[in-house]
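As structure tokens, one chain now follows by itself in the form predicted alone.
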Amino acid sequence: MKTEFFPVIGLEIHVQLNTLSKLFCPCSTAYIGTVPNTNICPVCLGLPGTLPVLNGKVVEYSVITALALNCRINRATRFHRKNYFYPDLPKAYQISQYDLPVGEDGYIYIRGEGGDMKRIGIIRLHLEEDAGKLVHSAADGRLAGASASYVDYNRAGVPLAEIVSAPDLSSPSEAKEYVSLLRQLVRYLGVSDGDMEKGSMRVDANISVKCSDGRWGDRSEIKNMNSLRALERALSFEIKRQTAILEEGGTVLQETRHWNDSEGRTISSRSKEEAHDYRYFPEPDLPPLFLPEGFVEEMEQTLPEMPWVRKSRFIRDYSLSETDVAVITESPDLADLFERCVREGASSERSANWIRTEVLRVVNERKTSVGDLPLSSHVLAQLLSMIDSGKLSNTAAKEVFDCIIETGAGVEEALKVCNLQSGGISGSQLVEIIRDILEKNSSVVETIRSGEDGNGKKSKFLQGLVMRETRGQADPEEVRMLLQELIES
């Protein structure tokens, strides 16, 4: 019997919590685009004589996230020192949680490989501080031909929630689905922006391959995956690599490997450490954390509608396709904009279509977020309602929409700027425009009258001229009928 191979995948996801200050000091958490080593203090530098003070907002965010993941909340927790050399963490140890994390034994459901819902266990959610950032230079001018590394401590001490899944994932696509759902969840909870490219959400994958003959390879930990696509590619490569070793009767070593995106392969980095290698011991400068009576229940009351619940409701209440709903509910800002537009009079179908196309087009072009656009739901709903009522064509509405985005104007003001009419082109105006076009294209008219326009290309050409002249304000069906009538007269 041919041996079969089954991937076994567990993920460790580090979520940067979007608090204003760091985990144990009042320094700003801003580090992208800031001058290196400016948001630091003696506490986050670990200087002798300093004492860490726990950020209360971090505790709130971690409990909210653990509750959303159906975790059991530990009312008493504590921090440990993780003794491992971090060249970019000045204390040379990391303050983390070990045996008493914030939450344990949770779960979340994803759509599995076969399309059915699959339960993915959450082993733990714990808090820890982030390290700084190393910046490598190819050559240092002070030493001819030598390379240099610089360290920026602005990120050191930024709060992280590490979410560790059970090894319940069976394929790269399931891993991608799981990470996508967690990213969506932290955005809905408002605890993080979940941006993988900026490092706000970082994924480490533990993967091994099980054989049908009973053999089981050791696991590898894969790092340096900063996108969903990189995650899928790295896991696919690693599955093939480990399977090939086992097919030849070899042994898969337990190690940490880095994903090289440009080469499309993982590269061995170091042997994988076990918990005892970190020499955990209770943090002596921080007392145990005891959550006050009623604190967990209070946090539970703040939980928003979960993204998967909202998705089901949108399909049920607004009769939208799963494709539309998947895009609209990806972020809470998009979903909120859609619901407000519908409440203010726009049709659900039109609102969904415009948010998927025009709104996201502008967001992507400007590399911004929906919340930062100069666009209110009231203005968008007013514009869409004009399309629904026939007062404005879809083409003209797009021109008005771009004007609104550029200037921040309301609909009526944008119509004036675009030299458009909210009532569309009147019947008499349209007739005059069509007559003028027919007169200027008399040869085309004669071809149509002679019956030589069998495929209708000439008629469509004239219709296109009319629509261009009216800047899309005319109703296409009305244009077609008037053209036919005036040509035949």
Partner chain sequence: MSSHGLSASEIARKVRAREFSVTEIVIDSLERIGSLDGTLNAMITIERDRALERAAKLDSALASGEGPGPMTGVPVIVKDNMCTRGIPTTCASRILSDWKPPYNAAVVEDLEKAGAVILGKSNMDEFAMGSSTEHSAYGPCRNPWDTTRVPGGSSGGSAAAVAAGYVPIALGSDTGGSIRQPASLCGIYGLKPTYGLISRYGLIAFASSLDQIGPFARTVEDLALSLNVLARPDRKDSTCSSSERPDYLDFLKVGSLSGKKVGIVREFRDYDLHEDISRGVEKVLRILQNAGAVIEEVSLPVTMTSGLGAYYIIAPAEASSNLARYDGVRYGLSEEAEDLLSLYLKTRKAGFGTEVKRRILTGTYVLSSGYYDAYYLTAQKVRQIITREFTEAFSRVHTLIMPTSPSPAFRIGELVDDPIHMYMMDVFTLPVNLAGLPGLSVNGGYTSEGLPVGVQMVGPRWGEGEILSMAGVLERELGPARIAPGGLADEN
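Remember, it's a predicted structure, so these values are computed and weren't measured experimentally. Residue numbers count along the first chain shown, from 1.
Quick note: we don't show the form predicted together with its partner chain, though the next part is all about it.
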Just to confirm the contact call: exactly one of 324-332, 281-289, 114-122, 249-257 touches its partner chain in the predicted bound form at a 4.5 Å heavy atom cutoff, so which is it? 281-289
Its partner chain contact in the predicted bound form: residue 49, any heavy atom under 4.5 Å: yes
Could you tell me if residue 235 has a non-hydrogen atom within 4.5 Å of its partner chain in the predicted bound form? no
Flag residue 93 as yes or no: does it have a non-hydrogen atom within 4.5 angstroms of any non-hydrogen atom of its partner chain in the predicted bound form? yes
Heavy atom to heavy atom, is residue 241 within 4.5 Å of its partner chain in the predicted bound form? no
Candidate from 397, 158, 186, 89 lying within 4.5 Å of its partner chain in the predicted bound form - any heavy atom: 89
Can you pick the one in 433, 58, 69, 43 that has a heavy atom within 4.5 Å of its partner chain in the predicted bound form? 43
Looking at its partner chain in the predicted bound form, which residues in 61-87 have at least one heavy atom within 4.5 Å of it? 81, 83, 85, 86, 87
